[in-house]
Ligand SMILES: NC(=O)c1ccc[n+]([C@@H]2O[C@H](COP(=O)([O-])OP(=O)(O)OC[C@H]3O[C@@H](n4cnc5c(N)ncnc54)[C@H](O)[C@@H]3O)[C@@H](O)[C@H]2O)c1
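Okay, so here's just one chain, in structure tokens, the form predicted alone.
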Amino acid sequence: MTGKLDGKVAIVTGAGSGMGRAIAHRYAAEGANVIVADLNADAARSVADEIGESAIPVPVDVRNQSQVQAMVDAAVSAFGGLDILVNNAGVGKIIPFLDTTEADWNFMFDVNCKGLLWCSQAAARVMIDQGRGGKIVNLASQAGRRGEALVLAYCASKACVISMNQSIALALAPHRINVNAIAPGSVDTPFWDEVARQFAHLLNMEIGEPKRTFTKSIPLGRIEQPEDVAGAAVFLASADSDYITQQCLNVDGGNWPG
């Protein structure tokens, strides 16, 4: 039985945990060779070990162009090319509007937006030279669809991701490189656990109460799992999405209507 990504080479950033880990595992199960890229080298190595010989760990800070280029070079050296990039690496903080600092703003935009740009440029150059097209999948967020009083910088950065996704898609369409985004909702990951703790502190709630409250608002009645995102990431990386580009797919249990 063949997988949807047989023979493809993929890079997944932020693959040491959460959604990135789930995507890396699913890509490998679908037949891809995977670069498991993460700022945390130990986490990247652990996930690559879980996957086996079709995965290689690469430590990377996506804010650093030379490290990003080394990550792309590693994919080409190890597996002979590059077909798929998943820009999953991201950061977020819950900060009241009046308390948001320049450092907070720069941190989130440097990772979530500038890092996406550097990774997409480096991957696209290889894909263009290969001449066989490619797929770029960007992780946006439901937070990029609307503003939130305590999440200004993060919401703004993810809105920027959605806009960048559109611009990159238009720039790369002549090269048959499809560029699409996924906008998850509240995903049950270590990242969301930390966000929920920050919400609890700022809203004077008990630990765990923000997660329970947000989960109650989800029409499908359960919190999102990383594997829910991985399925969409496979679709957008496979031939099934060859005539789709510049889109942002909501994968949020029905929390956002359009």
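Residue positions are given as counts along the sequence shown, with the first one as 1. Predicted model, so just to flag it, every value in this text is computed and none were measured.
Beyond the structure shown, there is the form predicted together with this ligand, which is absent from this document and is the topic of what follows.
Answer range among 94-102, 164-172, 72-80, 183-191 for contact with this ligand, defined in the predicted complex as heavy atoms within 4.5 Å:
Among the listed stretches, the partner-contacting one is 183-191.
I'd like to check something about Q247: if you look in the predicted complex, is any of its heavy atoms closer than or equal to 4.5 Å to a heavy atom of this ligand?
Q247 lies outside the contact set for this ligand.
In the predicted complex, does G90 have a heavy atom within 4.5 Å of this ligand?
G90: yes, in contact with this ligand in the predicted complex.
4.5 angstroms heavy atom contact with this ligand in the predicted complex for A237
It does not: once this ligand is placed as it appears in the predicted complex, A237 has no heavy atom within 4.5 Å of it.
Touches this ligand in the predicted complex: S141 (any heavy atom, 4.5 Å)
Although this ligand is absent here, S141 would touch it in the predicted complex, with heavy atoms inside 4.5 Å.
Heavy atom within 4.5 Å of this ligand in the predicted complex - residue from A32, A230, A48, V62:
Result of the distance check: V62.
Sequence-ordered residues of 103-126 touching this ligand in the predicted complex, heavy atom within 4.5 Å
The one in contact is V111.
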